[in-house]
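One chain is shown next in structure tokens, namely the form predicted on its own.
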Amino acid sequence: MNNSLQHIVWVVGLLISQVFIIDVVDLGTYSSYFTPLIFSFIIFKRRLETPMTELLIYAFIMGFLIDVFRNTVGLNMSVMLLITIFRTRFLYLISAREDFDDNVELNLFNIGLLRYLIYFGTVLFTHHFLFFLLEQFSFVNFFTLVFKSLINSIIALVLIGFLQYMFISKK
């Protein structure tokens, strides 16, 4: 499949999954703790050669679309743009840039399980932490904020791993 078409399919698929499946799950009193945000995967799986302006445009569009459907008024968009800017810093956590081929997408099968857990785990935790911090706009209940971020990051990491296992060809 053409790379651009494949990327569009991932954007639409993640948008539909986030808005119409994950956000609809009702766990009663625990629903406030269950808000995994998987749509940031679309930015962080992109090839290393992808220009920053293109990544920022994707982050803006994806964040805007999620904000429209979730009625969060720029919250997701601002966090997506901030996380996208620091994308390369997160990559340095798992190894030097020279260790990766610039033409390969970052996914579970290309970077390995340990690097996947470190890279996407850190990215997802940071994304969730910033999202919940901006949502409550306070450091009151800081440990609850960290707990929500950790739980949702783990759930999102498992969901993204499952999606990769189901839809990305293993080479």
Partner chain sequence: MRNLILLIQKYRNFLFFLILELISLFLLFSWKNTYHHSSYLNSSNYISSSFFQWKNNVTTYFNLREINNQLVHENAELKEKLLNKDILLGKNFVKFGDSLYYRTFRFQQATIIHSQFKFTENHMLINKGLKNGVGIEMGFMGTKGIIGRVINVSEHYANVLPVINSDFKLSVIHKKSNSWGDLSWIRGVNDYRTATIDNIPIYAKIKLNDLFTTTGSDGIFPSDVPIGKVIKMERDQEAQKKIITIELMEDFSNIHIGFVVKNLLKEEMIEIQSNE
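Residue numbers count along the first chain shown, from 1. Predicted model only: the values in this text are computed from it and were never measured.
FYI, the form predicted in complex with the partner chain isn't displayed, but the following is about it.
Contact check at 4.5 Å (heavy atoms) against the partner chain in the predicted bound form: none of L113, F142 and V158 pass. The candidate stretches are 116-124, 38-46, 103-111, 55-63, and the one lying within 4.5 Å of the partner chain in the predicted bound form by heavy atoms is 55-63. When contacts are judged by a 4.5 Å heavy atom cut-off, T88 does not count as touching the partner chain in the predicted bound form. Under a 4.5 angstroms non-hydrogen atom cutoff, the partner chain in the predicted bound form has L75 among its neighbouring residues. Interface residue remark: V146 is not counted as part of the site for the partner chain in the predicted bound form, having no heavy atom within 4.5 Å. For V19, a non-hydrogen atom is located within 4.5 Å of the partner chain in the predicted bound form, even though that partner is not displayed.
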